[in-house]
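As structure tokens, one chain now follows by itself in the form predicted alone.
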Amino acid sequence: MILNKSFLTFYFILFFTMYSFSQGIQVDSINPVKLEQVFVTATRTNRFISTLPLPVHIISKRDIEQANSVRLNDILNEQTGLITVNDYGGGEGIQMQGLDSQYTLILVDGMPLVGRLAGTLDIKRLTTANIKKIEVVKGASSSLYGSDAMGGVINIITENPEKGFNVKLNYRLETFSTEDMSAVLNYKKAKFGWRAFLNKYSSNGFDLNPKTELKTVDPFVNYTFNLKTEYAFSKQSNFYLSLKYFNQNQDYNASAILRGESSINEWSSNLKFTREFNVKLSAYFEFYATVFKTDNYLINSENGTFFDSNYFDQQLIRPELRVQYKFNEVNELIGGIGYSHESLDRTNFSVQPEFNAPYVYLQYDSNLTNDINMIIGARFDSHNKYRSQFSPKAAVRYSLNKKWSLKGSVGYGFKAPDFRQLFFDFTNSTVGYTVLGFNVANSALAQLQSQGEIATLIISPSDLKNTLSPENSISTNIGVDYKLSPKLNFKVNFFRNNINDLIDTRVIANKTNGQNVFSYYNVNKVYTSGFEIDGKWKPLNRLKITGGYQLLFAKDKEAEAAFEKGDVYARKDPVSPAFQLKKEDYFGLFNRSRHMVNLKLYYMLPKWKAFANVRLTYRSKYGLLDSNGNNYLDVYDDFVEAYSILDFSINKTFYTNYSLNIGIDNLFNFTDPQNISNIPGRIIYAKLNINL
């Protein structure tokens, strides 16, 4: 199945047939919905967050402004159960409930971002200056969103046009000559409105190890432009169009003599048409297209000769039609049909692959009684490169009384093999090893054999004739909400993610040069489990305290079995004799902390039109690699030590339309140059905001 004119025509004919039919339906008046009070990502419908049976969290615009966050990674790092981690390519992704960033779907206004260069979507490229709120759904969400939502969904919702004409400007200057500048032009009157947003973010970079010639982060500059327009044909029919462009250029230094540049260009457009036929039936049509491109090169700065270059060009086109039907006040049904067409052209690919994936989903939301809410849904994804997936999910919430409520959910999630795992064809020119995607491994291996480069086959070529299966999980969340009073409440959520068919690399052949040929395969079974606590206390009208804690166990089931059998040994140092490890000596998966804490204190000063806040985050020790040679992370390995980050800021308003923010991030100047490259040390900043 391919994306063609006939297929797109079908969508438009279907939608406008429904539109024409609606002209003969009597339309009832409805009360406007205050979107600021509802949560839409978890169910794709308007729902009050307090009534949802799922583990969800809203980060409001006020939260972002009080924290003086500049990039998306800044604000996400302060949320319970979330931590940003670097990948091998320098990108910074989000880890949720112990699952790697590749298992969390990142959306902007409900549409997926692309550009996972090494499996990780770099969230540093997203500015917070135009964000209205961030919606976080934890647990498998493939029943609505398909692949990549195995661990959860983060939906960044940007600002829409506001009534009237206004201008907003802000400028922030901070350590390392880092500047952040934004401008907003907004106009809305009667049926038509538009909002234009422009952001520039630049830095001289920073260096955690002055003894080396290279900086930890090289100088860069990026720009974000977003234009949103909306037009109301009537009270029941609305048209929306969003256009976005992102550009970044950065110095690229790979060694003392290898210098170059890297660039990123991203375009996206989202067209949406909504129609409320009556109080029961609504329809939504969206057409989304995005392109993500990178280019980088290296030259020898001593003689000016060309050394290397790489490019990456990914495209996604996605039309979707969604219908919502309310049987009555307590029962509603939502369903959708869509098609995803994705292609990639990049360095080290012998082909230019395309993914074509039609999908359909359905969800039923019902209040069985005044105290019980139930959601049941499922989605079916077809695909031209891997087997089809059926993703069911069920959730229930039970209100014991006005103070206590219980909720639980269980769902199936999956992550499809990405382009790299299927079509990579790379040979390191310096060392000589080769990495092959599963779908090209057979033919590429045969070619290497014909060239006399293969010494020994480790696996049979027939093992590479099947398909690489999607990674999949069963996700369970059970929670308790307690609201003692409007000033004190907390939430507890227990979670368990059982993941199967994890994709890993293995040696499939030995080369005559002494190196290996690697490819991908389904092998591992792992789990992440633990619990999270979120609380809010307002002892005084001027004082608010919020906090959260996560306990996490993330382990490989086969590793647990090996430790339990006594098959794993270790040495305390290279000259000591090896000794047998016990089951309790197994720590778990790499780059996971057992404990994470956040604590925030906000204090208002009405007389001075100011407020101050202190924010603390803590991460316990974690291991990045096996240091004693047994291929597992055990308690005798080397660990990255626990650390805390303390931030402080004061925000003051002048003459109603002006505000000044000053603050210090990482007050005690924590750094760990050997292990952590995304914490640069103490940052002092000042920011001026102007609203006209």
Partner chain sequence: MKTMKTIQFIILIALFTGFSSCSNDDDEPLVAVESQNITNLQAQQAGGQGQPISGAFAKFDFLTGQTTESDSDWDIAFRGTSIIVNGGTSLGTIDEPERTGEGAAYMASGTMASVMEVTQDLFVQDSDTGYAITTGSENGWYSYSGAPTYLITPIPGKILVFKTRDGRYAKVEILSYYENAPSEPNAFTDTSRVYTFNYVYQPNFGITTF
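Model, not experiment: these values are computed from the prediction. Positions refer to the first chain, counted from 1.
The following text describes the form predicted together with the partner chain, which does not appear among the structures shown.
- In the predicted complex, residue 578 approaches the partner chain with a heavy atom inside 4.5 Å.
- At a distance threshold of 4.5 angstroms between non-hydrogen atoms, residue 570 is in contact with the partner chain in the predicted complex.
- The partner chain in the predicted complex is not approached by residue 606, whose heavy atoms all lie more than 4.5 angstroms from it.
- Not displayed here, the partner chain is approached by residue 458 to within 4.5 Å at the level of heavy atoms in the predicted complex.
- Contact with the partner chain in the predicted complex, judged as any non-hydrogen atom within 4.5 angstroms, is confined among 503-511, 95-103, 587-595, 534-542 to 503-511.
- The partner is absent here; in the predicted complex, the one residue of 574, 210, 486, 304 having a heavy atom within 4.5 Å of the partner chain is 574.
- When you look in the predicted complex, the only residue of 666, 66, 628, 659 with a non-hydrogen atom within 4.5 Å of the partner chain is 628.
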